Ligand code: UDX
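Single chain ahead, by itself, as structure tokens, in the form predicted alone.
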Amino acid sequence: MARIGIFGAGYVGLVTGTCFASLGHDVVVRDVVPEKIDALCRGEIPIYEPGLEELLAANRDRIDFTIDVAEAIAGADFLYVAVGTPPTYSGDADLSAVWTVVEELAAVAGSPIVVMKSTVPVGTGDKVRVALDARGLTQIGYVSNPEFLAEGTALRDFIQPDRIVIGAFDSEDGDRVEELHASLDAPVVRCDVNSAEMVKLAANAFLSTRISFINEIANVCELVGADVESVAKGVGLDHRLGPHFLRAGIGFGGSCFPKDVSALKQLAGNSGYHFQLLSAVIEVNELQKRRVIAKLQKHLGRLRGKTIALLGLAFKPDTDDLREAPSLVIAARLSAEGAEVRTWDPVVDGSDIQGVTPCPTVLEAVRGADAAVIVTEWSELAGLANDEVREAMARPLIVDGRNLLDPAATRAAGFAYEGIGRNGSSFETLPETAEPELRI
């Protein structure tokens, strides 16, 4: 079995290290934040990922956590780089953490292979290889092995991956990384480093494009009286297309899609190509979040003084990740309109979000509210349209931003209903002094 050092105890690094430990390898995870390492040594998980805490506990004897670089690299066969590469103001990826790790490898003894898990621009591997060689570290191998972990299903995605992508300068280095994954039943894509780096960006950009496309179809469906759920089902049954990522809603968020779409667009621009399609994907996604405001205004008129319950804060279920979450944009827009915003989420407490009042239960969030907006499709919200909720609300209006509920059943339960790309309820008659504002 191999000894694996992992730089970065964030989402990717922690899941990768825990899963490798479960496969029988010895793992050392290094991070620069002492508080995070101390918590992990106590068995406390800094992120919410179903099953991760239990898997880590079951393999605790094969994984260590440290802030010491020397401990992470000592005797390592593989050194995984799993640090963050957030976007800069220009849209480029911030590679400062990656370069810090490269500089820390100066004391490496032996011939480990540096494996890049972080999502980096195409061409980063070439630059790292040059930097290692310039430091006299020619014995260190380099492989690009992008991650495809979806939050909420990350453990399954690692153990049962759709594919394993390995890009190497030296085929023998690629062989060693492939052997590391030998117990996993998945097709292996062997390629050059640049191509491996592009696979990750292209995959996320394409999935994002599907989401923005179906949201555009949903917006047209609302105008012509079609139902996007039926349309998406009919489209998805085409074997050339498939049903995945054809769920209309209020847009995508998270740590990967927005960042990677912007990074690929910026990469193309830096290379002299204007990626027009991705510009549209980004614009559609931003506007989609704001359409919730127009739907509320259609029913309530001006939102100043109105109470709105935002149900769900995380960008998707089964995670506590707020990065690029649509809830943040919607909450900010509602506050700007003068509404009182209450929030509920089973994992995220919301206390760090400016201008909102977090509530411990759904019922408390909707009590006296003029509308409830489903922002995240948590399973707890599937039964939202019930008598207790209706009676608690000042006005029984549900804006279903994820098409979680059945429109007919929701209306039958006494609620006005607005979905995405579905026929809404007849708009309520507004007082003459409260003409609706349709700004988005």
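Residue indices: 1-based, along the sequence shown. Remember, predicted model here, so these are calculated numbers, not experimental data.
From this point on, the text means the form predicted together with the ligand, which you will not see here.
Student: Taking the ligand as it sits in the model of the complex, is T343 in contact with it (heavy atom to heavy atom, 4.5 Å or less)?
Tutor: No, T343 is distant from the partner.
Student: Would you classify K295 as touching the ligand in the model of the complex, given a 4.5 Å non-hydrogen atom cut-off?
Tutor: Although the ligand is absent here, K295 would stay clear of it in the model of the complex, with no heavy atoms inside 4.5 Å.
Student: Would you check, heavy atoms only and a 4.5 Å threshold, whether L105 touches the ligand in the model of the complex?
Tutor: Result no; L105 lies far from the ligand in the model of the complex.
Student: Indicate whether the ligand has at least one heavy atom within 4.5 Å of a heavy atom of N204 in the model of the complex.
Tutor: N204: yes, in contact with the ligand in the model of the complex.
Student: So which of 358 to 366, 137 to 145, 244 to 252, 175 to 183 is the stretch with heavy atoms within 4.5 Å of the ligand in the model of the complex?
Tutor: This holds for exactly one stretch, 244 to 252.
Student: Please tell me which of F257, F275, F169, F213 lies within 4.5 Å of the ligand in the model of the complex, judged by heavy atoms.
Tutor: After the contact test, the surviving option is F257.
Student: Just one of K316, R291, R129, R333 has a heavy atom within 4.5 angstroms of the ligand in the model of the complex, so which one?
Tutor: Selected residue: K316.
Student: Which of the residues spanning 180 to 202 lie within 4.5 Å of the ligand in the model of the complex, based on heavy atoms?
Tutor: Just K200.
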